[in-house]
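One chain is shown next in structure tokens, namely the form predicted on its own.
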């Protein structure tokens, strides 16, 4: 199985689309960093327009590497599912399209092992993509903008909140957030792999996975009681942005932030369990259908 995984990773790194994903992330990060370096004050003025009379802030110090990474992740982690689908959606359908699927099945490996190897390769690609995001969005931003306390702008209920996290209490939150994002994006990889089992070319599974993500994201953002109670809890897209929970600090009875705390760990834990359940179900379903599929390509 290890040898199969090595071969699968080799196939991924031979495809030009693999490098398109890394290039796209690099371009988006550099555009954000250039824009904020050139005129970040305008953005801060926009964010603070409702509280500037009651909240004194050194806006130049507020635009630091930690703040930049948070802003970039808010944008990138919405787009990255498409990049993950580009690779995972090609897992089985790409073999069928090239006519190598039947040849692969002549080897002394089970179909379930093939699915697991394809999934593991997609998972490793997702991890490397997130690692590259950490290097460019976090560490490069720290190099360019420096280190300082971090501001979080949050809408809770009908009011806007500004939270401050001290610089010695931030880095572990980013590590946790990237770990959460890895699980969330692996759901997209598992979904793309599932569609890939039924297709003879790569376009179908990629488009299907992206469309599912878009439709479910729209539904997840509809504030209608019936949908919130009976639909949203079952959609994986409702939990994709759960990484933000690591930056919401708990407070004591006097409403004073508690260093090193998380406001709602139970919610983050439940979100992770739901995402993991989606992965198990999707990968299991992929193996089940693949084992019963007639291979004609």
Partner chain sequence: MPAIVEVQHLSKKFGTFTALDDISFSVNEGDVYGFLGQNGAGKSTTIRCMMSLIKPGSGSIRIFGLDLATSRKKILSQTGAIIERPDMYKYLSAFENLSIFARMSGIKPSREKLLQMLTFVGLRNRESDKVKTYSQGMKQRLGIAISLIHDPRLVIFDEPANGLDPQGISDIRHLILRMSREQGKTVILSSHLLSEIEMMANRMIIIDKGKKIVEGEVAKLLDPARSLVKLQTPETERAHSFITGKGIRISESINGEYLQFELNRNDIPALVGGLCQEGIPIRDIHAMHSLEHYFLSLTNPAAHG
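Residue numbers count along the first chain shown, from 1. All values reported here derive from a predicted model rather than from experimental measurement.
Note that the form predicted in complex with its partner chain isn't included here; everything after this is about it.
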Give a yes or no for residue 226: in the predicted bound form, does one of its heavy atoms lie within 4.5 Å of a heavy atom belonging to its partner chain? no
Does any part of residue 98 reach within 4.5 Å of its partner chain in the predicted bound form? Heavy atoms only, please. yes
Since only the chain is shown here, I'm wondering whether residue 173 would be in contact with its partner chain in the predicted bound form (any heavy atom pair within 4.5 Å). no
At 4.5 Å between heavy atoms, is residue 201 in contact with its partner chain in the predicted bound form? no
Which single stretch, out of 122-130, 138-146, 107-115, 190-198, brings residue heavy atoms within 4.5 Å of its partner chain in the predicted bound form? 107-115
